[in-house]
Structure formats: structure tokens, C-alpha cells
Ligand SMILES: C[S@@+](CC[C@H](N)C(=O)[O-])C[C@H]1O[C@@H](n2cnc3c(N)ncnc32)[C@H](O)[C@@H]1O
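First comes one chain, alone, set out as C-alpha cells in the form predicted alone.
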Amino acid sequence: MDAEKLSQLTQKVIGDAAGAVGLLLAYIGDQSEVYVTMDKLGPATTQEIAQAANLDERYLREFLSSNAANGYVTYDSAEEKFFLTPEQSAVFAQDGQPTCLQGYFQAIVGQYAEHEKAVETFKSGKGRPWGEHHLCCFCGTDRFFRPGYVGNLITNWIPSLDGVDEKLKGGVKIADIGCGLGSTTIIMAQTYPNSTVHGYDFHAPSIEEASKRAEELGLKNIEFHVSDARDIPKESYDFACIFDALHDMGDPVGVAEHIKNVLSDDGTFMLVEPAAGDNLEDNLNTFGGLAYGFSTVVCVPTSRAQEVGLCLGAQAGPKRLKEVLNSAGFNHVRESARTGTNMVFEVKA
């Protein structure tokens, strides 16, 4: 055994353990509005922050001390005050911005909250339906991905597809498949008022929440339906899309085949999946670790709980995804855009 390598690994794991506790506290700070309060106050004592946030000062003092030790907040020892730097504010306090990671923290906390089910599923090799996860899984996933969709869907991803943006502006029928809480469906309905957008998901509570959100916004060109991806009606859609969900489906080939059948003759299918390389070694990085981790406890068990249970996983890579799409009868598959967390494919018959 190499003593130096052992020491390095031990220090890393201790850092990871501190991070695990830190993320739990970051979630508590989010839910109790500590960070947004600090963002408004600027440098302040624990008494001042506690009063403004209506919290217990002793608990807050311990909380902020841990946060400062982890580098999540900053402590001014001369003034005995805590504050957020602009960078800390961007990560912890600015909900809805691409820099904010609170959605990811929420999704992680949801897995810890039901860790016994995760252990049981892992040991048994059985599937675990999407609907059996903690509520934080649905809300956290949507909260994490939504800023990326807001920042890229209209300005980058759809324009990267041949002629699609113009069609949507003119008015067509759109199918958003596996829409979850409807963030992408709503973005498209708002941006393309001449088009009609149908959101489909097999998780009824998510569809209920999506419908509520659309109604609150007064959108008239949007509909939500509870439906398995292989059963959406054949309405000759001009544009169909799946966001970060194909790898969760039990039968992605069957789903892609059905999408091919519901598209109009010149229709386009846009597939958005987590960014990945084709080989394991390509994905041995921080993002890959996160993606493989969630894939272990969420994505692969969700796929296995459905018919076929192909279990693509969240790091399938372009080559594997193209194989799936080609098997479904799509001859044109082109990667049209990529960000640090997503890759976008233009898919046509």
C-alpha cells in the first residue's frame, strides 16, 4: 500500500463527506430562506440574519459556521459578520438562474430521504418506478434542469435544427414527450403562440402540476395529458421533443418508433440527453460521476420497472443513442448542439 496515495484518497473522501453534510445544510438554508436573506442584507451578524429570516440564532450560528468552513458563505472575523460573495450568491441564492445548484441539492436530499428503498432496489436488481421516488426528486430535477432549458432551448437548441424555428413561429403542432412538470412545454407555448403544444407524461401528479402552472400563466395554446410515450395519439405532429428522459424509458426504441409514426412527413424530432462520451473513460469526470450516480438510483431502476427495461443509463453517449434511433427507423441523426450538461440531436426519417 502506498501511504501517500492512501492519505490523498482519505482526504478526498473526508472532503466528500463534508460536502454531503454541506449539501444537506444548503438545502435547509434554501428552504428556510437563509441565503436569499443574506443576499439582501449584505454583511451581517448572526443576530441580524436570524431576526430578518425569523430563525433561531443559535441554530443559525452553527449552520453558518459550517457553511463558512465549506466555503459556501464568507466570514469576516474582524467584524464578526457573515456574507455572500457574488459567486456564492450565484450558486446558493439566485433560484432560477443557470448558476444556482439548489435544484440538484434538492434532488440529492430526496434520494437520502428514501435511502432504504435505494439500497433495497440496488441489492434486488428490481425496477423502481418513477412515481415511487420522493417528491424532492420530481421538484429538484425540474428545478435543476429548468434554467438550462430557459437559457438554451429557444436561443440555441431549436435554432440549431434545420428550419424548425421558422415553422414553430408560423404555427405547427408540437409534442413534448416525458414533459414532467412542463417547464419545456410552457417555454415553447410562450415563445411560439401560433403553435399548439401538447405535453405528455406517464406520471399523473406531474401532469396535474404542469396543468396548474399553465393555467396560472393563462396559456391557451397548451394541453397536458397523462400518457405513456408509446401511446401518444397519432396527430401528425410537426415537431416532437424529449428532454433528458429517453434514457429513463423502458423501451426507447419502441418510443422512437412511435414518435416516427406520429410525426408529419417532414417533421423533426429533437432529442436532448445528458452530455456524454461514447466510452467509459470519456465520462470519468465530475459531471460523469454525478450522472452515473443518479443513473444508479433513479434512471436505470426507472427503465427496468417498465416493459423491455433496456436501461440505457444517463451516460449512453452519442454512438449508443444513434443506434437506438437508427433501430427505430430514423436515418438522419445529427448532433446539432452541445452544452456542458446536454447534447442535442436533430432526428428525421
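Note that residue numbering begins at 1 and tracks the sequence as displayed. Since the structure is predicted, the reported quantities are computational estimates derived from the model, not experimental observations.
From this point on, the text means the form predicted together with this ligand, which you will not see here.
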Handout entry: Contact of N152 with this ligand in the predicted bound form (heavy atom, 4.5 Å)
Key = no
Exercise for the section: Considering only heavy atoms, tell me if Q306 and this ligand come within 4.5 Å of each other in the predicted bound form. Expected result: yes
Exercise for the section: Mark F105 yes when one of its heavy atoms lies within 4.5 Å of a heavy atom of this ligand in the predicted bound form, and no otherwise. Expected result: no
Exercise for the section: Consider T141 of the chain shown here, and say whether it contacts this ligand in the predicted bound form, taking contact as heavy atoms within 4.5 Å. Expected result: yes
Completion exercise
Counting only non-hydrogen atoms, the one stretch of 86-94, 111-119, 199-207, 216-224 within 4.5 angstroms of this ligand in the predicted bound form is 199-207
Fill in the blank from the handout: Picking from W130, Y192, F239, F82, the single residue whose non-hydrogen atoms come within 4.5 angstroms of this ligand in the predicted bound form is W130
Fill in the blank from the handout: As a check of understanding, the residue in A229, L168, I186, L161 with any heavy atom within 4.5 Å of this ligand in the predicted bound form should be identified as A229
Practice task
May I ask you to list the residues of 241-262 that have any heavy atom within 4.5 angstroms of this ligand in the predicted bound form, in sequence order?
Solution key: F243, D244, A245, D248, M249
